[in-house]
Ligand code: IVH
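As structure tokens, one chain now follows by itself in the form predicted alone.
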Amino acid sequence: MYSRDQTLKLQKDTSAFLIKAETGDLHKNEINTLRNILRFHEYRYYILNDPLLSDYEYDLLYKLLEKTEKENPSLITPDSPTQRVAKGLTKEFPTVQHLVPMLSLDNSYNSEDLIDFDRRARELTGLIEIEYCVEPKFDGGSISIIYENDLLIRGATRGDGVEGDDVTANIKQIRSIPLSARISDYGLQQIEIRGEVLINKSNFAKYNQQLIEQGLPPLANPRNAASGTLRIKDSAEVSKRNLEAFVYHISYYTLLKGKKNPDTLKNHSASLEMLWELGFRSPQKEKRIFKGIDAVIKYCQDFEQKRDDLPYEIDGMVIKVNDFALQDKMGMTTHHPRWAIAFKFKARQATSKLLNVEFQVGRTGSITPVAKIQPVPIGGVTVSSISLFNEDVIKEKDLMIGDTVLVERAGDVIPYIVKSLSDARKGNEKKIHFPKNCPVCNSKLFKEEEEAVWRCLNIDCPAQVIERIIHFVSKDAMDIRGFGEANVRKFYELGLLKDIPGIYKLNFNKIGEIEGFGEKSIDNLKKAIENSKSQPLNRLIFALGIRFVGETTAKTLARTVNHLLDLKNFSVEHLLNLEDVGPKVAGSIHRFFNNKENISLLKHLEELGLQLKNEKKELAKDGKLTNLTFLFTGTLPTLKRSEAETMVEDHGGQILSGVSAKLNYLVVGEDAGSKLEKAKKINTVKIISEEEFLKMLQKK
């Protein structure tokens, strides 16, 4: 629909108008250009599913048009983006009409907007104070589902708000949407329900990894993953994607003959409770009722701090006038209902420019490309550096120096480049050349056939030495407090520290000469170093940074030996017999303990006073979990996973790292993933909740 030249011009116009949007300054002669810009971005978003703009930036442009049209009502045209809902229909599915149009929500980004919304609501209703229902704004694909005579008869996408794509077969693959619901118990014959289809963060990460392994580009975000899945023609494939759905609004209903409106349909809050009772996943637990806007504002601001703890993505909160009679009185515009508004959280996506790529060396010699971008605020943090992981990612995302890139800061707060906006290229972009030699020591790089990572094999490479020391002293390893990354780098640069044993031979008189190191800080560092000598063996094993050996495998190895050096006598076959040790891990462990330099290092550490013997806990013969194995999956309601695992070990039990016939109990939290599905297929594995687990510990 748009040629390359048109795309480049519209992108250039977009940049100029984003500056105007920040100031709110638009000349009325520019209004048609702005409309064309918005139409272009709607096409990229709804039709191609390939946006060239973040949601926040689109909203800025939309609000600028809305403001300008309000100031110049004579300039409003019937085809203005403010007068209709953007198109989003495809030819792949039959088109169906919604029983009631699916309108957008008006957006707000600050408390002043909410205060203004409350003022208008009070003016329209004539009330001094209004009761509001507040719930999360789910970031997925919008759907409309219809039940008739208790049966699901149709599911459709939002489409253009009036019509959508009939995706009933795919909707039926979503297990949180019941195929039947007893709406007749409430006197209802037909009901149209609005909701959002989601893919949780865990499943999204797994799906993207699968795409990368297949040589395909990863999806931009969970919303795109959910929306795209709804349009897959193969329903069996849809079923594999583990979609979920929240429903949050009853848009239309008819009554059975002789029945009256149920009390549950007098206000929004009660309708959510009704949907919950019918077996739907509504925001029943997350919703809150408030009188007055001040409490609403505080709840929205507090909830924003919790968004990263949720298993699914939300991009704001929705505030609705709770009483349905008041909603009817307030009415709607052609674009949005007057009785609801979305409070949008700080933007998670933004566009920026890729200025350069630097190559960093990790503790195992891995070379990681790091993108340096034009600093851009995302989610309250200014982002300027982003890991690109490996050479393959650069190729898959088709990145070039000078590209305009879409950047996202997701729930795990780690920013990443979603994609390059190749349609915006001007022709002066430069190809990114991955180095052939180590950027620190100049040694030739090497890559295993089955790996995507290039490595420097020089074990004395200064960059690797520093990273190994940083890992060794870290919290989850030897936990030497006060010995963070900054101090490791400073001591190394000053020649006070050159390897791991050097930690235990530091010249504190020299350190005392460094600015910022007083008597107290030196004394604390001395104590932390001395205390680390008595850390349990599993921590030392993890601290050594053996490839593929995480905390769980470190515990397995520690339990297996009386002395750490016993592992040099273990064959690969012997290691493979250990719990959850596969060929890759076994090979790595065997290579480490058959390296003369590593054995020399361990002997040196023992001479310096570190604990290489396994001080095995004497488990009480009547330990409540003795001889039982456990594994935890999902988000537990009250316990951190590390706390729960410690409880198991303190009571004589053992933690496994995967589901197998050797597992006795799988403790399941919210949004459990593949481990739960695998455990269901093994009859001997008992699946329990956190509450049931805690009851096991309380038994006499």
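Numbering starts at 1 and runs along the sequence shown. Note that this is a predicted model, so its numbers are computed, not measured.
Not pictured, yet referred to below: the form predicted in complex with this ligand.
Put simply, of 311, 369, 136, 365 only one has a heavy atom within 4.5 Å of this ligand in the model of the complex, and it is 136. Proximity to this ligand in the model of the complex, defined as a heavy atom within 4.5 Å, holds among 95, 104, 384, 552 only for 104. Partner proximity in the model of the complex, defined as non-hydrogen atoms within 4.5 angstroms of this ligand, places exactly one of 337 to 345, 354 to 362, 592 to 600, 566 to 574 at the interface: 337 to 345. Mapping the unseen interface onto this chain, residue 318 counts among the residues with a heavy atom inside 4.5 Å of this ligand in the model of the complex. In the model of the complex, no heavy atom of residue 404 sits within 4.5 Å of this ligand. Using a 4.5 angstroms threshold between heavy atoms, residue 201 stays clear of this ligand in the model of the complex. The closest heavy atom approach of residue 142 to this ligand in the model of the complex falls within 4.5 Å.
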